[in-house]
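Quick heads-up: it's one chain on its own, the form predicted alone, in structure tokens.
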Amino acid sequence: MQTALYIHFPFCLKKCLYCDFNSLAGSPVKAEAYVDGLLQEMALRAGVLSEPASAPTLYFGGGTPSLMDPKLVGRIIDTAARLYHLASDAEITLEANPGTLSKEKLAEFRSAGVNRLSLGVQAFDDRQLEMLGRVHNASQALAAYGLARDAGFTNISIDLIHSLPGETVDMWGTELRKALALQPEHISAYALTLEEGTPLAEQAATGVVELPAETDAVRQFELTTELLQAAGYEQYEISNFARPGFRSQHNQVYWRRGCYLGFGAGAHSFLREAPHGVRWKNADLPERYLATLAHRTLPEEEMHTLSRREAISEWLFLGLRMLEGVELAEFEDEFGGAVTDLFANELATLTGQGLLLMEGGRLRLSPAALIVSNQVFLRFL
């Protein structure tokens, strides 16, 4: 069974004001004890799988996994190789906050086996970084990128956020040009999402900060595609751009509804078991996560076996995020029916509106639909 592996490290120096991920600052749980538990979970899970696993990718997310001692990262990679047959050429990604890196630490991450770095830059403007609650500044972001190159990283992704409060189209163009000047292999450029319950969402609701007008937000999205494609980047997913050969292999597993196992507090998993797959997540609090493992019990909760209808919806709204879209024959093999029969009315409406294209045996979003993709996806839920 091929399955990607995800490692969740929930600890941060400080919680960003826009973040609703399972992350926390100031936990009493020590990193060493947490990783000990994580390795125990990996062993327990390997023992209950229906068949041996083979892992093409390993992804360290968070939280801020770059806070980890590289030796702990090395222990996790070694365990993944032993228990999950991590491929010798596996893509091994580490999310990193620029404010937590040094030349020595980057070299040690590289030596431990990390071969892809995802730098959470988010912005090159110090005022925007402060507004987002980031712990680094623009000069640290630039320095971290240079140090990563010096440490031998040849596959670096940069995360950026557009449509920030007070951001104009010209300001966003400047941000993109600064990123392009670095020549990273991959750029993820997301529109700011105000998640309910976050401090930034409250600030926007009370008028402390003001988001750009919708027309400006749309133009920032369009400018992203224009500038990055002109610079040789392929837009292969709504918000992700890569130089040839540098797509995120791990994230494509999610969008293609492949199997993945998540380890750590709050990590999510999906196995494409018959008939239509099963999903679960782990306990969010590190203390509860470790307490469960202390009884040699897997910390899984919210186990959900998908219905055929749920699986079909997932297959469509995840697969359509990729610009190549979904293969109609694959859908029929998977679900025993043609998508054109199951969604005849929806497809007629969306193709008639120019939002979906059906050609070459594939169904995909039109360029005009990328900015309103959620409205398209809702038709299949």
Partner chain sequence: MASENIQIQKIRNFSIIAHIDHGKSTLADRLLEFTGALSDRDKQDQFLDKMDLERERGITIKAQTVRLNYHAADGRDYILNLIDTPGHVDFTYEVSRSLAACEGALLVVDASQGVEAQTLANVYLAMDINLEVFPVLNKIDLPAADPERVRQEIEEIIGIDAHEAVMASAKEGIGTREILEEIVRKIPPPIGDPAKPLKALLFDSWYDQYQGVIILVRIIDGVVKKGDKIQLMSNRKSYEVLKAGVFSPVMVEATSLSAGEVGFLIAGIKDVGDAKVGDTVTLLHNPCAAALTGFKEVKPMVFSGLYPIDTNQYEQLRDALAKLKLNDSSFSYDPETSVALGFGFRCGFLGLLHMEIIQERLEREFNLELITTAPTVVYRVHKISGEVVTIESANMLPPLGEIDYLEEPFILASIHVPNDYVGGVLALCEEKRGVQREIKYLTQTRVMIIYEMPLNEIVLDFYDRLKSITKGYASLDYEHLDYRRSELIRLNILINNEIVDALSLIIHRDKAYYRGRDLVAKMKELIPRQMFEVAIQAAIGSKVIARETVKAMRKDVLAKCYGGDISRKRKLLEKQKEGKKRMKNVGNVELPQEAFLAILKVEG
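Fair warning: this is a prediction, and the values are worked out from it, not measured in the lab. Numbering follows the first chain given and starts at 1.
The same protein also exists as the form predicted together with the partner chain; that form is not shown, yet it is the one meant from here on.
Student: Please name which of the stretches 211-219, 82-90, 68-76, 124-132 has residues with heavy atoms lying within 4.5 Å of the partner chain in the model of the complex.
Tutor: Comparing against the partner chain in the model of the complex, the contact stretch is 211-219.
Student: Among V29, L318, L342, L323, which has any heavy atom within 4.5 Å of the partner chain in the model of the complex?
Tutor: Among V29, L318, L342, L323, a heavy atom within 4.5 Å of the partner chain in the model of the complex occurs only for L318.
Student: Given that the partner chain is left out here, which of R247, R288, R279, K105 has a heavy atom within 4.5 Å of it in the model of the complex?
Tutor: So the residue touching the partner chain in the model of the complex, by this definition, is R279.
Student: Taking heavy atoms and a 4.5 Å cut-off, does E314 contact the partner chain in the model of the complex?
Tutor: Contact with the partner chain, yes.
Student: Is Y236 a contact residue for the partner chain in the model of the complex, using a 4.5 Å heavy atom cut-off?
Tutor: So Y236 does not count as contacting the partner chain.
Student: State yes or no: in the model of the complex, is some non-hydrogen atom of R110 no more than 4.5 angstroms from a non-hydrogen atom of the partner chain?
Tutor: It does not: once the partner chain is placed as it appears in the model of the complex, R110 has no heavy atom within 4.5 Å of it.
Student: Just checking whether D170 would be counted as a contact of the partner chain in the model of the complex - the rule being heavy atoms within 4.5 angstroms.
Tutor: Close contact is absent here: in the model of the complex, D170 is far from the partner chain, nothing within 4.5 Å, heavy atoms only.
Student: Between 1-21 and the partner chain in the model of the complex, list the residues on our side with a heavy atom within 4.5 Å.
Tutor: The stretch touches the partner through Y6, D20, F21.
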